[in-house]
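Only one chain is included here, represented as structure tokens and corresponding to the form predicted on its own.
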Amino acid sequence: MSTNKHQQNASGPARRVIVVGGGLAGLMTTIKLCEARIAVDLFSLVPAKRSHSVCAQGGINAAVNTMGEGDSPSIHLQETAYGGDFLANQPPIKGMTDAAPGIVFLLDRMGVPFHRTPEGLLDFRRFGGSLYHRTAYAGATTGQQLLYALDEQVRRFATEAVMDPTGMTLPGERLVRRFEGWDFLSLVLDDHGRCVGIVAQHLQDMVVRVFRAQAVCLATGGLGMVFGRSTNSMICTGSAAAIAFRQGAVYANGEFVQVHPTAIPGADKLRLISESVRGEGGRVWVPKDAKDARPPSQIPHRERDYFLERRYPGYGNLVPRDIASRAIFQVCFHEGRGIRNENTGKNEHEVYLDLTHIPPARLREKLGGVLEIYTKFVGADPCSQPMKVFPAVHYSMGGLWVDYERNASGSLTVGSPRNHATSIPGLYAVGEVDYAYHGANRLGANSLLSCLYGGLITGPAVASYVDALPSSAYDLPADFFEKAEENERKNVERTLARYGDNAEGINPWKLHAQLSDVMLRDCTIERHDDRLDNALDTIETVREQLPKMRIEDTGERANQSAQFARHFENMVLLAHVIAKGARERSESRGAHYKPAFEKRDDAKWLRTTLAKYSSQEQVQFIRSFDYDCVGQSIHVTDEVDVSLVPPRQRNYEKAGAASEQATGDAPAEAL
């Protein structure tokens, strides 16, 4: 139990930590803080059970080795580092892969209904980038099941009383207070640059309030809306990360954005077709004849090109996502062999994902959620005819820079206040909003794992930070916070007045379409410097038009137009970080692919891209910086810790990380 005098005060309110984000990372961080008896204010843009974590389908990785294949956490480490093209610091990866089996067993005890073998053991399926059955799953709704299980644990803490250091109960105080339907507006920084709270707006009555905090943790997810339609939820704008970046937080590896190889179109967003479909035997193919417009059932197997199996015989349909997405892009756009519309004969730039060779009963048992999505939104049964899919923006490997403290074994020092600390003292970040675990490309089913492990690490780190505080945010004068609240209230009023009075203004959704179109075209699967220059010019043009935006709704209740306009300004800033980082990095690594620089260049680019906000919406890249953590000045460089798995070129056409290790191609010290 944490007992620092700055946590609770019998003569006043409970001294709290703020967690922004109600997904898996935010909930797990909250649970660990509550276990340390630290009171938490949990903020969420939507009800926690509607957080984007609910959309995760395929499963969560853990090298439990129930199938006796010889899998282990060390091989999981190898494949994660290898799949991420060695851009991730390896101590956090080692901590995550070592903890993974325990995390899955913890979730099992929480009541997550994982699929089981006939013997009653946890069942595991294969996922991209691995030759092992390592992914535990709950049908095809794993994210939902995990989210609901953690939400129940947080609800339990919401009933428990807060005690002061002497053991006295604070009247009316509970360990968790939930603020659902609140939009994060800004951090509150004291005169020393320390984060001591946030300002947020209630989305129903539009009230702006300031909240004190001993520390703040952002767990606000990804930024898919920067690219318009993606597999992300509409709430995934990256706004909170952009706000923190603008207020001084360093942003890392922004150019690394994952494109998932299989998705289906939608009017509002793109629906993910999980990698679990291929993990259960789904096969990707196109007709060998580029002009073949026959229905797929009429095309014999000998006239089909199973191009992933042909090009990557070791992994087949389960190569990592960056490899699969580029292969599909090559087939559809460069070779012109995408599915032909049987009526028009035009290339639809889609490929078939075929499950029709698998018994329907087995498909409905293991992939029911995915099948329902496809049937509902396409109107066809995947059990009887192949799905039509194409790549879609899915995940950001980049995010707010966060620190870690390595221990003697090469893993993380649990409880260190440096773990998941951003460059702003008192501000932490966890989940997709940080950059820590995936390097240049995330392996499938490592996302849920990194969110949960990150929460397990961040909770104790924040508790240690609070224990070491020389003074409390609650001891600052009230007018300090009132001023921060008033500033944000004026910003909101200024937004309504400026946009509402602009009769000749531009619809922000049209500006968003202009931005997202260029980001989708020029900053995803293939990147060319001339197209990136064009993207940067477009971003600058859009930025110059921001003052001309007009919103139709200037009401003071439930004003979604004002909220979107505010988020869009933050999306423009993140688009600048992504595009400029991609323009600067002259190599191909993981999800960042430049045909003009086809090879990875470790001599020049085995380093983290560190971006800092300068002024006037400008982005500055730096090689090092210093930040303060509980009185200790820490010097940070862009060097990547690759001491556990020595870098080597990826070659999924032949083998991959695990088989190289098994045949002795990887140095023994790598494990």
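Predicted model only: the values in this text are computed from it and were never measured. Quick note: we count residues from 1 along the sequence shown, nothing fancier.
The form predicted together with a small molecule is left out here; the points below concern that form.
At the 4.5 Å threshold, heavy atoms of Ser53 reach the small molecule in the model of the complex. At the 4.5 Å threshold, heavy atoms of Val46 reach the small molecule in the model of the complex. A residue is said to contact a partner when one of its heavy atoms sits within 4.5 Å of a partner heavy atom; Ala240 meets this definition for the small molecule in the model of the complex. In the model of the complex, Tyr251 stays away from the small molecule, with no heavy atom inside 4.5 Å. Contact annotation: of the candidates Arg278, Lys94, His592, Arg442, the single residue with a non-hydrogen atom within 4.5 angstroms of the small molecule in the model of the complex is Arg442. A heavy atom within 4.5 Å of the small molecule in the model of the complex is found for exactly one of Phe227, Tyr395, Trp285, Trp401: Tyr395.
The candidate spot formed by Phe245, Asp322 and Thr609 lies out of contact with the small molecule in the model of the complex, as no residue has a heavy atom within 4.5 Å of it.
Remark: of stretches 443-451, 347-355, 576-584, 308-316, the one touching the small molecule in the model of the complex is 443-451 (heavy atom within 4.5 Å).
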